[in-house]
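Next up is one chain by itself, shown in structure tokens, the form predicted on its own.
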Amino acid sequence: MASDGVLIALGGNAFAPPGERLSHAGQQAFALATARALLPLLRAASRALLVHGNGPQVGEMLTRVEVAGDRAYALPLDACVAAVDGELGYDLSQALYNVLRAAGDRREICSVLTQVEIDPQDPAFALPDKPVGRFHAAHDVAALRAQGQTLVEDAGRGYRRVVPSPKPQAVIERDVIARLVAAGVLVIAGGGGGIPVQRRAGLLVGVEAVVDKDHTSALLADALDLTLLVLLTDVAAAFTDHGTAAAREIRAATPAQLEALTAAGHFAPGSMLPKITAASAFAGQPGRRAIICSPDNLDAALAGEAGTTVRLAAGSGP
């Protein structure tokens, strides 16, 4: 199981069991359970980096901003991402510290607020489609649209704000993260895909957008020349025909095989598709491996006995 370098991406939805409300105590419990599950892999890797999702937590933060109204200063979406990344970075770094120390491992841990540069010409800005924040009643829509928000009806549950989800182009703190990881520090970075920024007149400014965590994970893993990308999610593996009687687990595949399955429509946008795209992009070079699995089958997935493994020579097809 030894690895020269690993990036582990944790899904934001995993911080609370399905159907349960988020709570800080619940997030801390999840962080502790995750740290324990990751311990063997982290101790086997000479270089390690964690990226986490934050979608549900950012939604809660936006709700706080909206409910506070004029009683507290407003926060734009990019600042909400930064605030939540601080909270989750704290939860994860504390849990990892306690679990590693209990195992006799004195590795240093550092959480890095990460800005991710996006292209202002990205097509996503013309078609915002990432729902954020709380649901609104129909009678509130006109006023919110007058404030410049884009809202869409969401599955009969009300109206939600949607924002662009552009592709990450570069990680601003990449060199700092690389130096920390090379020094043996366990780094938590790129939370929620990173805080989206763009350059205007040579200066960085925040953007109200959401960057996909899995795409940023692949970008960071590539930039740091790691050899293993682990995408943890709430399903055991990637599937063809997911959610149907014909569903079939993909145990191993090449990037080319996954591209063909993507073209056939097997992976849902905003769900499994970003993981498939990220895994394929990272594993498209020799000597690299990407794994899609759930936290509870991580050990078996690392041994090739569970989950979905993606690499150039995958052996058996999907």
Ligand code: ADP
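Source: prediction; values computed, not measured. We number the residues from 1 along the sequence you see.
There is also a form predicted together with this ligand; it is not shown, and the following applies to it.
Participant: When this ligand is placed as it is in the predicted complex, which of 69 to 77, 165 to 173, 211 to 219, 142 to 150 ends up with heavy atoms within 4.5 Å of it?
Facilitator: Only one stretch qualifies here: 211 to 219.
Participant: Using heavy atoms only and a 4.5 Å cut-off, decide whether all three of 11, 239 and 271 touch this ligand in the predicted complex.
Facilitator: Checked in the predicted complex: all three residues contact this ligand.
Participant: I'd like to check something about residue 47: if you look in the predicted complex, is any of its heavy atoms closer than or equal to 4.5 Å to a heavy atom of this ligand?
Facilitator: Result no; residue 47 lies far from this ligand in the predicted complex.
Participant: Is residue 111 close enough to this ligand in the predicted complex to count, meaning some heavy atom within 4.5 Å?
Facilitator: No, residue 111 sits far enough from this ligand in the predicted complex that none of its heavy atoms falls within 4.5 Å.
Participant: Quick check on residue 99: any heavy atom within 4.5 Å of this ligand in the predicted complex?
Facilitator: No.
Participant: Since only the chain is shown here, I'm wondering whether residue 235 would be in contact with this ligand in the predicted complex (any heavy atom pair within 4.5 Å).
Facilitator: Yes, contact at 4.5 Å.
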